[in-house]
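Given as structure tokens, the chain that follows is alone and in the form predicted on its own.
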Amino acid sequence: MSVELNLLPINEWDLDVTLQEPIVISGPCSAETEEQVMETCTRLAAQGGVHMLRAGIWKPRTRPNCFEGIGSVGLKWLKAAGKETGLPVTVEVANVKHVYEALRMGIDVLWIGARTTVNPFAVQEIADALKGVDIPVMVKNPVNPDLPLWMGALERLNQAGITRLGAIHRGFSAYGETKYRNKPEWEIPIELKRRLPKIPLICDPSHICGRRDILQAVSQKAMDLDFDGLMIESHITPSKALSDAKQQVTPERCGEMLRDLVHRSPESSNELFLETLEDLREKIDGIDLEVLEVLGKRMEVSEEIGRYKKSNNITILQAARWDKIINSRAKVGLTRGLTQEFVEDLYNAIHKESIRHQTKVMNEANAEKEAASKTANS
């Protein structure tokens, strides 16, 4: 179900600069010195392809005694870099004080970070502070994979009168060792776009990756998924950065990455392509109907099993049987070109629905008793 928000497309954000698609936002994770900010930003501008400059001014750190940002003085440095390059500038705000400081310094675009998005009270305070000030605001996804929370932050700002809104996908926290610093969980921003079709969607590959060597691949995937832009962290000497050193790249490397990206269009006017695509989509539609038909039959058998278990006083869950199904189906899936992760996710969903059907069968007698009791007492 889509939600209608009063939004302006990103190319109508009125920032005195042409915001081409995909829009690219770049700059240091943290403003450290005036020289570092200016040099990073001017070198980025010289590369071409960057449409907006960023720098962290206030840095929320997980633990104390880490570098937590240079503070408000960094706003002057970033604003000066923007004036020098002719590019708009953007900073993260986490509270009302940050909002007032950024507005006072004439910052062009604000963004709300993942640790703030997770707190509706904080987002509402920022929204209230911005009433009557239609500045563009971008909202990063919350730390954990919670789509309604992300949507709620955007809705709060829109209700405060912010029409120039964007969403930033920076991945989601995951426990344990993974390939990524924050798991992409691409299905979540895709679902956000389905529900909020007018929202500009920016990918932050720096925070997804947490390392330089896979930035290009994640950036390309975002482009292939029709994201509206990228936010990439850049530093003149990444290895010496005071925060997130491993995920930053030099301005020159950032330029190389942008030039190497393949840009694909979501639409085509080629009649042969459109006819062929339509034929293939019709095949997909037919297969989907067959899949649903088969799943419906599977659930009918599940209900029959449920009745048999009930008559023999056997529990619904049979752990050993379920383990055998998962392992055997995953092996078959591999021979069909399906990943083990996909097959496991699919069968977990099937198993959940099967349990629901068997639970309904198990509780049929109780439901009948309750209905009879209500009839007798009415």
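Treat the numbers as computed from the prediction; the structure is a model and nothing was measured. Start at 1 and count along the sequence shown; that's the residue number.
Below, we refer to the form predicted in complex with ligand PEP, which is not included among the displayed structures.
Note on the partner interface in the predicted complex: the residue among Ala114, Ala81, Val93, Cys209 having a heavy atom within 4.5 angstroms of ligand PEP is Ala114. The contact residue chosen from Val50, Val37, Cys29, Ile70 relative to ligand PEP in the predicted complex is Cys29, the criterion being a non-hydrogen atom within 4.5 angstroms. Taking non-hydrogen atoms only, Lys59 approaches ligand PEP to within 4.5 angstroms in the predicted complex. The closest non-hydrogen atom of Arg170 lies within 4.5 Å of ligand PEP in the predicted complex. When ligand PEP is considered in the predicted complex, Lys140 lines it closely, a heavy atom lying within 4.5 Å. Stretch 114-122 is the answer when you ask which of 195-203, 266-274, 159-167, 114-122 has residues with heavy atoms within 4.5 Å of ligand PEP in the predicted complex. Contacts of stretch 294-333 with ligand PEP in the predicted complex, defined by any heavy atom lying within 4.5 Å, are made by none of its residues.
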